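The chain below stands alone and is given as structure tokens, in the form predicted on its own.
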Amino acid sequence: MYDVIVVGAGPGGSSTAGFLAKKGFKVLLLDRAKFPRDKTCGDGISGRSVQVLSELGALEHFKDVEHQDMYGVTFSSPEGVVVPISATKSKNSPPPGFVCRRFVFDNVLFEHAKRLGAEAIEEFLVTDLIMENGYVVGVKGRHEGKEKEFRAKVVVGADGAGGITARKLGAYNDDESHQAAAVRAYYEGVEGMEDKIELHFVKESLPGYFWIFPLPNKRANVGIGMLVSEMKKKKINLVKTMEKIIQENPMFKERFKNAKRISPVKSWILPLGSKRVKNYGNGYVLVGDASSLIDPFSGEGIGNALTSGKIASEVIAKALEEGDVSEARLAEYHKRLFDLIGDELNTNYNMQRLGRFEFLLNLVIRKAQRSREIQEEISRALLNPQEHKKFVKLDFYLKVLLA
């Protein structure tokens, strides 16, 4: 019997388990994989992620593992205008973000949760939830060829968009207008990279973008993402589109001339936070991708996953102390989470919709190239996601027109 069982040891699950174990609760962390394991992703770690990692005490552990500090972002428009935007470097504070392969990142976080006191079982396949009197009270699964079950006062679903918890609890986001599809591969020998992530709004990827995220030793995470509904409507093959961009687009063909792909191309589906799912109930909460929290504009999910884990741990801790893990009590998790990120998700959904308009992307990026003031506006918004709302306000575009 545990206080909390967490199903899934990605960023959402490991952060939830770590924060709760740190508070002294008896936590069981389950994952179907053996760590370290890969996870298909863009590998970008945002400023929001850095903040939560610092609060969890995990940030220091990334100093000694493979990663690339990031101090800004480079945008390009459909017409080929390129704008590098730098963030301020400070010796007294960590970088605003970094790029770290999920093979490395998730393992650091998983090991940190165990150091904080969470008990973990790897290669455990959860096959069902245990329900009693309308409450989730545990899980059933297989480990080393044997059927096992564990019970807890609260179960946390952190096993992703297609995981068993979201599906069993009716929270699976299957709306293709609120899903993105993406493919990525690792390359070495990519030229022209700096300490900035690159987001390129090329015509072939709208609404979406082509990315290059730098890693050490001239390696990079390279990929493309697009709304599933648009991809199907336009009958786009993302793998072929990415290869065409690399081989034929004038901005990239020289940069990739001597580059070599060093991994298979992998694909995945991202459940966007523009569609809210019910992520709590009697005896359970859902965090991370299981809660459909991917940013609708950037496609970034790690920051919101870590944030959901932190808030879930705080609400669960109070609920356990009060002896009340009912739906009514755990509803505080949903409220607090969306009080924090709800407006941002709505704004970024509107930004995603504006991103369909090629002329608007061309306008903003062309003006940003000429105006330091516009660059600083964009930089502040990137470092503080809650400032994204300026991008859907008329006065921002009036400022752009007059720049």
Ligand SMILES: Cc1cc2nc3c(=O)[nH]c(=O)nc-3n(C[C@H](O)[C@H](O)[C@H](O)COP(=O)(O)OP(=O)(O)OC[C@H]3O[C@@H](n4cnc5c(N)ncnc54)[C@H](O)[C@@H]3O)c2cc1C
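All residue numbers refer to positions in the sequence shown, first residue = 1. What you see is a predicted model, and the numbers here were worked out from it, not measured in a lab.
What follows is about the form predicted together with the ligand, which we do not show.
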Report whether the minimum heavy atom distance between residue 300 and the ligand in the predicted bound form is within 4.5 Å. yes
4.5 angstroms heavy atom contact with the ligand in the predicted bound form for residue 220: no
The ligand contact at residue 355 in the predicted bound form, heavy atom, 4.5 Å: no
According to a 4.5 angstroms non-hydrogen atom cut-off, is residue 27 in contact with the ligand in the predicted bound form? no
Tell me which of 319-327, 273-281, 152-160, 169-177 has residues with heavy atoms within 4.5 angstroms of the ligand in the predicted bound form? 152-160
Answer with one of 226, 245, 164, 315: the residue that has a non-hydrogen atom within 4.5 Å of the ligand in the predicted bound form. 164
Among 40, 362, 369, 51, just one has a heavy atom within 4.5 Å of the ligand in the predicted bound form, namely 40
Checking a candidate spot here: are 13, 126 and 213 all in contact with the ligand in the predicted bound form (at least one heavy atom each within 4.5 Å)? yes
